[in-house]
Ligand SMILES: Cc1cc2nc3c(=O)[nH]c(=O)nc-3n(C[C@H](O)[C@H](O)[C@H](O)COP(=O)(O)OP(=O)(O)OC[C@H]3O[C@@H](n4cnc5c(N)ncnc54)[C@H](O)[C@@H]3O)c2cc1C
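Only one chain is included here, represented as structure tokens and corresponding to the form predicted alone.
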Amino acid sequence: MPSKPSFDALVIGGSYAGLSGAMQIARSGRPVCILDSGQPRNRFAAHSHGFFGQDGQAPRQMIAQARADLARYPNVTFLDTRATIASREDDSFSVTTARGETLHAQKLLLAYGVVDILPDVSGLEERWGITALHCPYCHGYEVKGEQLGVLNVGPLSTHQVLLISDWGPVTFFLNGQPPPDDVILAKLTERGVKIETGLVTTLEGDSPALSGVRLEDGRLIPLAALFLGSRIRFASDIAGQLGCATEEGMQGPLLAVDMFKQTTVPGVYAAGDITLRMSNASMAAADGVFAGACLHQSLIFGPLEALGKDVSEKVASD
């Protein structure tokens, strides 16, 4: 029987975090494989902003350049497919892809990202990442000084609206939810935030542009952009299959990792939006760099620590 492909590291997810982590491993000369389904979280945005040396570049162009950089290393393998099944086998891991391939690796780096769960508002989905936005650091400058809005989707929406008020005049759409308490109301007043209490029914304008928000009472509130903090879910269930623990983040579940980006399952590392409480492309890439370096070092020091333990036990028994 032909042997199954084996790698020192298998990176599941080929966007900012995964590619950044893979680069650290690649430069060590270790064989590394990247699985990528081609669905980055920010694929809806035409441009990525605030990224060191890449401000205003198209997200897919940035990913394509990173892939080209990695492809120059002979120890790197790309597979454009999803990981569907993962399990531990003795002291390594087995991963099956959507194409039916079975791969083996000493270590795993999970960087498959998250999926945004949007509220059920007509016209929102087709504007997501363009005029319906989440991160002001990524897109706020492009709408600075315009009429802005924040949609109330949870407890953190009040924090978001206070933040967004630094980019322009902002309206807080309570969307039928109870008004904030007196302390929050005082802060909103201090920041000049307007409040609309009615339900939001539709985003209007020549999509993906936005001209305003239609309320249930029929009024149209003119806006150039609407911000909201979406809920999230993992883009894959691989961590769950492996038994990795989760914790609750501000927008939904995150993978629990230690200070070296290792999950609760030894040998499984994680980076990017699946671990970060606040995320954008720059943060995901930086997180991937650190996780990749930590994974690589574990390939060296893990066996040495085991060797040291064996030597210590032998000395103690002599």
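Computed from a predicted structure; not experimentally measured. From 1 onward, residues are counted along the sequence shown.
Omitted from view is the form predicted together with this ligand, to which the following refers.
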{"query": "This ligand contact in the predicted complex: residue 13, any heavy atom under 4.5 Å", "finding": "yes"}
{"query": "Partner proximity in the predicted complex: residue 263 to this ligand, non-hydrogen atom cutoff 4.5 Å", "finding": "no"}
{"query": "Contact flag, residue 129 vs this ligand in the predicted complex, heavy atom cut 4.5 Å", "finding": "yes"}
{"query": "Residue 292 within 4.5 Å of this ligand in the predicted complex, heavy atoms", "finding": "no"}
{"query": "Segment assignment from 199 to 207, 113 to 121, 147 to 155, 217 to 225: heavy atom within 4.5 Å of this ligand in the predicted complex", "finding": "113 to 121"}
{"query": "This ligand in the predicted complex - contacting residues of 186 to 211, heavy atom within 4.5 Å", "finding": "none"}
